[in-house]
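Take a look at this one chain, the form predicted on its own, written out in structure tokens.
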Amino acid sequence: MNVIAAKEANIKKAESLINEAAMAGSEIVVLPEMWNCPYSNDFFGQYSEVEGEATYEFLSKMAKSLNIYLVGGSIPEIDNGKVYNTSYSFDRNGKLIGKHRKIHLFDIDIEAGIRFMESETLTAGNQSTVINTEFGRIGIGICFDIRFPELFRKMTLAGAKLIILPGAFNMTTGPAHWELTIRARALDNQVYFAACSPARSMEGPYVAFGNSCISNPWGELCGKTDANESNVYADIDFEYVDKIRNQLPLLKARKPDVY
């Protein structure tokens, strides 16, 4: 989705896209990182909400009314004066079943590229997140978390067969690493890996790469869109995860006594 500097308009757009996905038969729907707020340190504090406020309530009601699991991308959450990049996940009854605060803040300074320091305004989370669903266990990360493979191995060992990542890679790192890291995390852990980005807009303070996509456990893309605003769909088959793990037993062949 295109994110603009108007929270209510972003919520209305999200409502339309969630409805579209549900009407197409989706049972798990995902929103992108910072979908109700421009991706900028100048906006995080201004747009931040306490857990349970308007955006949280909207997500809960959408999950319940459409009878879907909803991974609510991420929004700026304020708690005891600290602002977090937080993802809320809801079950079919609109009940909160998971809350992930971005662990690895996006602090980079690439020569002739981009400089961005999330830590100037945001506080890092400190917990790995895996949620329980009727389909199985699902891991949740946010954007820069993907750069740290140990986190996703921990989720996998905790039973995750699908990992969902709201993210907003930029026009420097996106073309170079977005698809590569999605496929690598899926292949390393023999999981489905679904990454959801905002659409690309040249008008905002931050230009997202877009290109939301899903990799299967063989490291192949099974769903992909482009930089424009659109939904992307894929079938997730946890039995296929088991099949791949049995044929190529990477997880069983680990040597935890060595490394």
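Residues carry their position along the shown sequence, with the first being 1. Quick caveat, the model's predicted, so the values are computed rather than measured.
What follows is about the form predicted in complex with another copy of the chain, which we do not show.
- Another copy of the chain in the predicted bound form comes within 4.5 Å of a heavy atom belonging to R183.
- Although the partner is absent here, P205 lies well away from another copy of the chain in the predicted bound form, with no heavy atom inside 4.5 Å.
- Remark: E120 does not count among the residues lining another copy of the chain in the predicted bound form, judged by a heavy atom distance of 4.5 Å or less.
- I131 falls outside the set of residues with a heavy atom inside 4.5 Å of another copy of the chain in the predicted bound form.
- Only one segment in the set 217-225, 24-32, 42-50, 62-70 has residues whose heavy atoms sit within 4.5 Å of another copy of the chain in the predicted bound form; it is 217-225.
- Contact here is defined as any heavy atom lying within 4.5 Å of another copy of the chain in the predicted bound form, and by that definition not a single one of A9, N93 and K95 is a contact residue.
- Although another copy of the chain is not shown here, in the predicted bound form the stretch 232-259 places heavy atoms of K243, Q247, L248, P249, L250, A253, R254, K255, V258, Y259 within 4.5 Å of it, in sequence order.
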